[in-house]
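Just one chain is shown here, as structure tokens, and it is the form predicted alone.
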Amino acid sequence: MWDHEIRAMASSHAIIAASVFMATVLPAVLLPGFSVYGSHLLWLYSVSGAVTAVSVAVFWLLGITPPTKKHTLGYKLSRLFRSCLYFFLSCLFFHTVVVLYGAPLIESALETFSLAVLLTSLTTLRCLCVLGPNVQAWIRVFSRHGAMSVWDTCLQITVACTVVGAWVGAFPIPLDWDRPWQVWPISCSLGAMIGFLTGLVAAPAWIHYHRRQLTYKCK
């Protein structure tokens, strides 16, 4: 019943995962001395930009983005402005949460905010692409039994995997191992990226395996 949506989901996720790969490999080829550890902020923004651009393009081409009720230029600009505002507010939200969990408040503010940008690109951006700037729809999707489509379920899985990955990535930081990937926020951003890529694989696989049990009701 959901085979078409699952194939489209798997294809879009493969393209997004490829963009992560290219955003990691191309700077290493073009920029001397580039490395994920040594040039971490550059890698972080490279990946964030690639995921953002490719996700917006892919979801728009697939027609996943919710249609606008009005077709006036003013309404579309207002919708774009609200989406950008939500993206920025999400960066501030993740920055605040990470600081509350123990990240340096002032000493590494740029690194912390960069991690927040990455988390926003991997989570909030997908919500904007699938649900639009509609906070009520976001609350519905992430409430219990709130999914109304396979894409809602996909959001739940990918966002959860990304956040859990970032959280797990913080565990090695205080350990006295003196490894280069323990420098803030390398392990958290790598954990978030690994969690995100895991979610890209797990979401269509889980939905395909449970497709006979999935029932969505209009609410």
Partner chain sequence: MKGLPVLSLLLWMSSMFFVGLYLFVGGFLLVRLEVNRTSGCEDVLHPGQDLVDFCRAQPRFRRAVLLIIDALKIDFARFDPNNTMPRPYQNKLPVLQETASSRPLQSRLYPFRADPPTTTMQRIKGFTTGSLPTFVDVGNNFASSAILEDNLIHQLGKEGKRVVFMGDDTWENLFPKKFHRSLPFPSFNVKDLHTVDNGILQHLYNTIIGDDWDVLVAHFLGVDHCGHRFGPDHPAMADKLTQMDGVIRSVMDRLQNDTLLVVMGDHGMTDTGDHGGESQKETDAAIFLYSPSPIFPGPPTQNEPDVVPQTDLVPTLALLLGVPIPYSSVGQVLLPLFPPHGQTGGAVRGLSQLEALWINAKQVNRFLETYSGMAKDIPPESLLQLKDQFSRLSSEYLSSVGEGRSPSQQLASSLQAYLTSVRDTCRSTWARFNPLKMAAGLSILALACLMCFLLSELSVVLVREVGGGLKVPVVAALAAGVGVAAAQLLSQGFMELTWCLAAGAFSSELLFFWRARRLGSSPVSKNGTKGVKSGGWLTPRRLLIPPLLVPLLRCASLLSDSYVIAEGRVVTFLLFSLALYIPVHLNWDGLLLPPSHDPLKSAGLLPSPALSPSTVRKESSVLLSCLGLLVGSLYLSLSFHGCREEQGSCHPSSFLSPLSRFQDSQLKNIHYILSVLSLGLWTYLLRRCLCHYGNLNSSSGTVFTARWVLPLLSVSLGLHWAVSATPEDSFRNLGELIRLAQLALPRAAFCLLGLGLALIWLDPLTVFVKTRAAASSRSSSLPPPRYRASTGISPQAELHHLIPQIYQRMRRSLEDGELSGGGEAGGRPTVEAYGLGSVYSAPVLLFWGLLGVGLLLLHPEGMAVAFLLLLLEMGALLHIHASSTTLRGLHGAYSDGFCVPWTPVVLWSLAATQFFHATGHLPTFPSIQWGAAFVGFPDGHTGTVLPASLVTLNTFASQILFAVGCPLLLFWPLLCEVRGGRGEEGEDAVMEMRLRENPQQFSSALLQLSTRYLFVHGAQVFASVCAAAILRRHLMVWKVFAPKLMFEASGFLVSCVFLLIGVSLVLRVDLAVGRWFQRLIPESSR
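Numbering follows the first chain given and starts at 1. None of these values were measured; they are calculated from a predicted model.
Omitted here: the form predicted in complex with its partner chain. The next part is about that form.
- For the marked spot (V97, F142 and P174), a heavy atom within 4.5 Å of its partner chain in the model of the complex is present in each of the three residues.
- With the partner removed from view, the residue among Y101, Y75, F81, F88 that has a non-hydrogen atom within 4.5 Å of its partner chain in the model of the complex turns out to be Y101.
- None of W181, Y45, W167, F34 but one reaches within 4.5 angstroms of its partner chain in the model of the complex through a heavy atom, and that residue is W167.
- The shortest heavy atom separation between L105 and its partner chain in the model of the complex is within 4.5 Å.
- Q156 belongs to the set of residues with a heavy atom inside 4.5 Å of its partner chain in the model of the complex.
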